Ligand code: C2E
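In structure tokens, the next block holds one chain alone, the form predicted alone.
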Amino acid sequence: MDTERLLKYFDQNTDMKHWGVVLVILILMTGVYALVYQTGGIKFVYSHSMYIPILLSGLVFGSAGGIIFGLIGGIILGPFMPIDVETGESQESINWLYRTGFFALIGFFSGVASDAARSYVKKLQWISFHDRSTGLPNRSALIDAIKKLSLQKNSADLSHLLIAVSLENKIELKAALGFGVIEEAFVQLAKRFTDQDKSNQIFYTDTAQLVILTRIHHRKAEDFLHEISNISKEPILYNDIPIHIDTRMGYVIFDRISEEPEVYLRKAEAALTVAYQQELDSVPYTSDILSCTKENLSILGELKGALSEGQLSLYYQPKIVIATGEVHGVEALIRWHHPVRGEILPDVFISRAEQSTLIDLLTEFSLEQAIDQIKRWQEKGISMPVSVNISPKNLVKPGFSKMVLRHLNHYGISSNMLELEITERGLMLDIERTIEELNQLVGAQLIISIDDFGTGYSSLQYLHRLPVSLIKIDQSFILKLPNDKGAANIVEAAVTLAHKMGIKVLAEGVENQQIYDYLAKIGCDQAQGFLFSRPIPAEEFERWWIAYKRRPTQVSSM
């Protein structure tokens, strides 16, 4: 190999630090030459010292470098080095050629070992920054990429955009086609996002989450997000079959790196969580989202302890038969009296509990407390049916019906004294399983009602199959009566439909006599609202009930 090719090789395969190693190796080889010459020639063992720079060259420059320096070392101790310096006897060509070949072989094996180690290290580095299943850069690669953004020049017109994209229907996809479809979906999504703009950096940060990192002009951010949302909803091909996917997005826009990289990812993921909770395609990060998320997690962390410490209790709101003005029963509504935070609204902790396993504990607590209260009232001569709100997740949990009946049997309470309310939207979680579970409960003489009727739409096609005795029309419609014609038409239609199917109707949110009179006019069966009473503790309800029984017959005179 001539000098020109040698220089070309090192120009391509070394950096400035390696040139320092080249100089060190050449100095070592020169030193070995001087040592061998000064000690009398090649016939003495000092020639073996040449292995040191040759091995070093193989370790640093790999097999090719080891061969090159092996040849150089062989030539240095070859025709230019006598066997004996004193006699000046020269080496035979076969001897120094053999030695040169052996040096090159040692350099080659040293380089092979170095190449193998280097290849393994590169593999480990690749694994640490990539997902092995999809081949996409992973969370660590994203953090590293965000760190490098601080080295870029800031522009007044350009901002950094970090988007977290997740599959909403991942559970359905995995159940039907296996986890492979999730990985394939993200591989195809990553290609779409890259094709959309080559500057987009794509990262697979979770088992069902992609992150897009890009720079974009302020005015173009909204159009960019809209385009990303559209292309992410296109079907993917899995085993040559088009598969529908639904996505949610959370994103954060920032101009410069002023926080740790992980913070920006957490912000996008916090916005993504809100997108799931509010069923929105995309949600931008705002300063209150992360603090609200932390607060929610803190509240959930205290919920289990609150149950055992008696911080939660049930309040009761009466349900009135419109035709007679009699109290038909009460709805049990859970309340949390926190020793530090004060009153925590049900919307704050119930909706969060439904997204966790805590909803099972919360529902069982409500059922047991309500059944216990029914017994206490019966002991006082008060026969008062109680309705309890249950989560749709409870209905699809194995053994839910047995748990309800176990509590009824334990307290010796008749099943028809307990009513279970499930939201209309919740019915769609697993309609077939829900219908099966409801039939078991109705078969045990429990009463089933649909809460917040009118806020969903899918249950209409299943209403004839649901074993319900009552529908509760959501207060968002009732509060507009009777002047809002649209709300009036919906309420009248719901009453007519339910009566034709043998189902009673209760109106929630009855706050004044005008609404009450209108409901009586259209034949609504029951009413519930502040016109009669707010939700109140059991002892206060007892006093209210005694006073209510003594009232004049007209509700207007209460």
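Quick caveat, the model's predicted, so the values are computed rather than measured. The first residue of the sequence shown is number 1, and the count goes up from there.
Keep in mind the form predicted together with this ligand is missing from the figure; the text below concerns it.
Undergrad: Flag Leu463 as yes or no: does it have a non-hydrogen atom within 4.5 angstroms of any non-hydrogen atom of this ligand in the model of the complex?
TA: Outside the cut-off, so no.
Undergrad: Pro284 near this ligand in the model of the complex, any heavy atom under 4.5 Å?
TA: Residue-level check for Pro284: no, no contact with this ligand.
Undergrad: Would you check, heavy atoms only and a 4.5 Å threshold, whether Val510 touches this ligand in the model of the complex?
TA: Val510: yes, in contact with this ligand in the model of the complex.
Undergrad: Decide whether Ile127 counts as a contact residue for this ligand in the model of the complex under a heavy atom distance cut-off of 4.5 Å.
TA: The answer is no: Ile127 has no heavy atom within 4.5 Å of this ligand.
Undergrad: Ala190, Leu470, Ala208, Ile350: which sits within 4.5 Å of this ligand in the model of the complex by any heavy atom?
TA: Checking each option against this ligand in the model of the complex, the one that comes within 4.5 Å is Ile350.
Undergrad: Identify, from the list Lys397, Arg335, Lys480, Arg139, the residue with a heavy atom within 4.5 Å of this ligand in the model of the complex.
TA: Filtering the options by heavy-atom distance leaves Arg335.
Undergrad: Please pick out the stretch from 174 to 182, 444 to 452, 92 to 100, 200 to 208 that is in contact with this ligand in the model of the complex, where contact means heavy atoms within 4.5 Å.
TA: That would be 444 to 452.
Undergrad: Any chance Pro346, Glu421 and Pro535 all have a heavy atom within 4.5 Å of this ligand in the model of the complex?
TA: Yes: each residue has a heavy atom within 4.5 Å of the partner.
Undergrad: Using a 4.5 Å cut-off on heavy atoms, what residues in 362 to 390 are near this ligand in the model of the complex?
TA: Result: Thr363, Ser366, Asn389, Ile390.
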